[in-house]
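In the block that follows, a single chain appears as structure tokens, in the form predicted on its own.
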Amino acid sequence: MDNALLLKFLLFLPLVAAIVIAVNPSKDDKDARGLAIFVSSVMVLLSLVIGAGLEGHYGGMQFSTVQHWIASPFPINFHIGVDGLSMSLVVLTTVITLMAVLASYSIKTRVKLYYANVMLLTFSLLGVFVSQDLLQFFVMYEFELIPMYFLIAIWGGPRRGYAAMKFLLYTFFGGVLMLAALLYTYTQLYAMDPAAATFNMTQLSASSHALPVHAQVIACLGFFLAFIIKLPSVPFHTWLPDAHVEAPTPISMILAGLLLKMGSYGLVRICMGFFPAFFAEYGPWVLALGAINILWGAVACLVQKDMKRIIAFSSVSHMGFILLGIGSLSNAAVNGAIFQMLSHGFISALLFFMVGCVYERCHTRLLPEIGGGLAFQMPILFYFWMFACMANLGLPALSGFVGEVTIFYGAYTSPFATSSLHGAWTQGWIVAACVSVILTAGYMLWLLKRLFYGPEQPKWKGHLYDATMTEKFVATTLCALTLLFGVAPHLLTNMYSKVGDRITSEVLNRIQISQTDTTTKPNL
């Protein structure tokens, strides 16, 4: 079958599944869960088939489908396609969705509505990664607010209403900024040349380069702020810990593993791909923001008592590596940032799943209330926990190490770190970010010690149980992928490296042009 048709089928499959689950007259909750598992499994197979047919050596879009709907006043089209970058995130989406659906065994109320919202959320996520029309991208990007709001507000914890509304307000504000930047870009292109005005993302990656520097900076700033709110980055990160703490475990897996990647994907695809002048001018500031993110998130983890808050702030810290990578503007750093997106998707989903397993047994996430000593009654879960913690702190041979070491290498060899103008300042921020490696090891080992080491607590003796078959399958799958991409990272990099190299080279060319222009200007 044609891969373009398979891609279209993959996109709309979760939408159809959501409708079928919602209108199914059966009152048996097992039917809704069974259908969600079946559809999620089919999506994984489809994404692997499409990915296998992708030509990794070709950095352009493949398997495109275009349907023109409305020509004026704005061109509204249905346009999807994938390259190595988007395809790798599509595979990540289908795998994490399946793991989250399997982990949803604890959902006992309004089960049909729950799985219907999960399928709607998956449809939105896939739509973001395969959309090649900027207006369509915006619609898909904003559509996820609806199912995610209800998934937190209905099935969340005691403060679920507050957390869901905070998530909605922050991300909606980011969407407003994106819409303003989108329309500004279109009008600036139209003013320059009406024929160049388009929402086609492939064409925009070439035509937007012709915009004046000030127009690129203004347009990119709107997109940049929208994406770092979703990432999230300091100082817009405060919605994330609250959302994670109140969300049910499977939704925390999707939130950390997939939703945050919408922001990082937008930074690479749109901000870097469309507006190279912005990064040529402000790349060192983006790098500095990444270093601040890494340090702030790591320090915040050291003072938390709630397991979920620790992993949430850890995600803030690890998303800083992506900002550090894309701000460095070297091939190694940008490709390392993309690898970090994918690696963090698997590791964060595994960690939140592990937190959920402990919560299901102890009914608390507070470390002082648990008291330690859980390894006596949960030895298998302890092994999974230890693996997840080692992956998160960047142990060699696991995927977390690959992403971080590549970013650091790329940062030290970046044009900013080696320049006479920004070199010392940039290297100082990179050194500050390196300190986070020590802090990450500290808070992850401290978390492991507070949970599993020490004497067995009398209150838990005889009341806890070890991993179930479903828990073993989910944890083993995520651990295996983390190990696989740690020892064979080329399985991922071969897919997206051409895209990362192309985007980076375009920004570097812009830097060289701007430097040439500066040196040739007469002294006035």
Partner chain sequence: MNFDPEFLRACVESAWMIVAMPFLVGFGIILSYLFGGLKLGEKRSFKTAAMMASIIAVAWGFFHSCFIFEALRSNPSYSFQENFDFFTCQNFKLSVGFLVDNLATMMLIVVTTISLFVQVYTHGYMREDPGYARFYAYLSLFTGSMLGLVVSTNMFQMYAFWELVGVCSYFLIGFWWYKDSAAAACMKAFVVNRVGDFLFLVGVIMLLLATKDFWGGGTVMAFAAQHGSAGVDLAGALHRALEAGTLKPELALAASSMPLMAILIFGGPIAKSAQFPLHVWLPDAMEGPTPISALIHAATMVAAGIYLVARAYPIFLAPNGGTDSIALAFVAVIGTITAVMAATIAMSQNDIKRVLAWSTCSQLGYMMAGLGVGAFSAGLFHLFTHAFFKAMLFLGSGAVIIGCHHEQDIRKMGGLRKIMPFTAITFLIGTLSISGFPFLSGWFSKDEIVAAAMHYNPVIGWILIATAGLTAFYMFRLYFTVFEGQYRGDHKAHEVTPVMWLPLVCLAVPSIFAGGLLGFTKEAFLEGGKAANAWSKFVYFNHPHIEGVDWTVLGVSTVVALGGIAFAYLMYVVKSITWNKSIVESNNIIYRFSLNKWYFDDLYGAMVNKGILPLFNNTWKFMDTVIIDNIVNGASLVTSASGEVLKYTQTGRGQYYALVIFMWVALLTWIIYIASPFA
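All figures in this text were calculated on a predicted structure; none of them were measured in a lab. Residue numbers count along the first chain shown, from 1.
Only in words, not in the display: the form predicted in complex with the partner chain, which the text now covers.
Using a 4.5 angstroms limit between non-hydrogen atoms, L48 is distant from the partner chain in the predicted complex. Under a 4.5 angstroms non-hydrogen atom cutoff, the partner chain in the predicted complex lacks G257 among its neighbouring residues. In the predicted complex, the partner chain sits within 4.5 Å of a heavy atom of K472. In the predicted complex, the partner chain stays beyond 4.5 Å of every heavy atom belonging to Y190. You can rule out all but one of 229-237, 112-120, 210-218, 259-267: in the predicted complex, only 229-237 has residues with a heavy atom within 4.5 Å of the partner chain.
With the partner omitted here, the residue from L182, C362, A375, M140 that has a non-hydrogen atom within 4.5 angstroms of the partner chain in the predicted complex is A375.
Put simply, of Y282, Y170, F150, Y186 only one has a heavy atom within 4.5 Å of the partner chain in the predicted complex, and it is Y170. Relative to the partner chain in the predicted complex, residues L35, F38 and H318 are all farther than 4.5 Å at every heavy atom. Interface residues of 303-321, taken as those with a heavy atom within 4.5 Å of the partner chain in the predicted complex (partner not displayed): V303, Q304, F313, in sequence order.
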